[in-house]
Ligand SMILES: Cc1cc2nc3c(=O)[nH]c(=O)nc-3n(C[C@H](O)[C@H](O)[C@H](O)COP(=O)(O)OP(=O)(O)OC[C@H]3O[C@@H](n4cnc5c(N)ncnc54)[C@H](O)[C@@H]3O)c2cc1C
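Shown below, as structure tokens, is a lone chain in the form predicted on its own; questions about how it binds or moves come after it.
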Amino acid sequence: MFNPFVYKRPNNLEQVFTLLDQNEDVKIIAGGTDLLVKLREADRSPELLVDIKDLEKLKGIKKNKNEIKIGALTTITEIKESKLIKDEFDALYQAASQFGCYEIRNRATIGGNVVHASPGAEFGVVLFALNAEVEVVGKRDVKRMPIKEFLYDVGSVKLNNELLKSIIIKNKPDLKSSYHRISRVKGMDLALVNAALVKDDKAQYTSYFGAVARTPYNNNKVDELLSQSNLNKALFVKIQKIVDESISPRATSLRASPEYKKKMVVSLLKKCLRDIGEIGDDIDG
């Protein structure tokens, strides 16, 4: 339920940090596609809502040498339509293509999706698998850290009167990546389970799975098996056993049972491997 609150739309970062310094009960709104839903479900509204959508310094997709920087306020549509993203990171392009609907993609931002820190967030598993870093801007400085350090729990990121400024990914040569998800219905729905897979130029795999743990989930044993073994049916039996023994999806989930999620983790892994040309249709799942 919405209670009366003050709405501010600053034009620059300095104005944002002044508002954050002067007010304790503040919420930052970027696209608002996650926040507005949460506010409708909350018992009360914040005293101040700060809309940062106009901050140009937090927008855009740029390539600098071996890095691609995505501004936190870059919309999902902009990511989906970026030739640079499609050419360099298939998984990011796939995640953007499967995100919400046309209207939501035009409003939602990649930064908002990351900061919301949902276990099944579209971009969480992709950015973890790509070993992305983030820039966090404060009143006096800009910090850079791995996304795995920044996003540390459900709904929790390392921001203290700060803003997520950008997401940084190294564009290594010959890197291949893929993203897949499963949802209850086609179209706009949250993921039951999602997965991202990256293969680097040294044929080493990195896999992450969402909505099976509090943050994007990785198991080194799975990655080692993929990197060192023949990708045959026997291998996936081993991987399924590792998954069954190592993850404990929430039993109270309304979307899928733990047993179903465990099976779908391996199924999505196979789909990602097919995308990057590593296995054929002769392997079920």
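Just so we're clear, the structure is a prediction, and the values are computed from it rather than from any experiment. Just count from 1 along the sequence shown to find any residue number.
We do not show the form predicted in complex with the named molecule, though everything after this point is about it.
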{"property": "Location of the named molecule contact in the predicted complex, chosen stretch of 118-126, 169-177, 138-146, 208-216 [non-hydrogen atom, 4.5 Å]", "result": "118-126"}
{"property": "Among the candidates Val222, Ile68, Ala256, Ile28, the residue which, in the predicted complex, approaches the named molecule to within 4.5 Å (heavy atoms)", "result": "Ile28"}
{"property": "Joint contact, Leu84, Tyr93 and Val198 to the named molecule in the predicted complex, by non-hydrogen atom at 4.5 Å", "result": "no"}
{"property": "Lys80 within 4.5 Å of the named molecule in the predicted complex, heavy atoms", "result": "no"}
{"property": "Distance check, Glu162 to the named molecule in the predicted complex, heavy atom within 4.5 Å", "result": "yes"}
{"property": "Contact flag, Ile239 vs the named molecule in the predicted complex, heavy atom cut 4.5 Å", "result": "no"}
{"property": "Contact of Val37 with the named molecule in the predicted complex (heavy atom, 4.5 Å)", "result": "yes"}
{"property": "Within 4.5 Å of the named molecule in the predicted complex: residues from 105-124 (heavy atom criterion)", "result": "Arg107, Ala108, Thr109, Gly111, Gly112, Asn113, Val115, His116, Ala121, Glu122"}
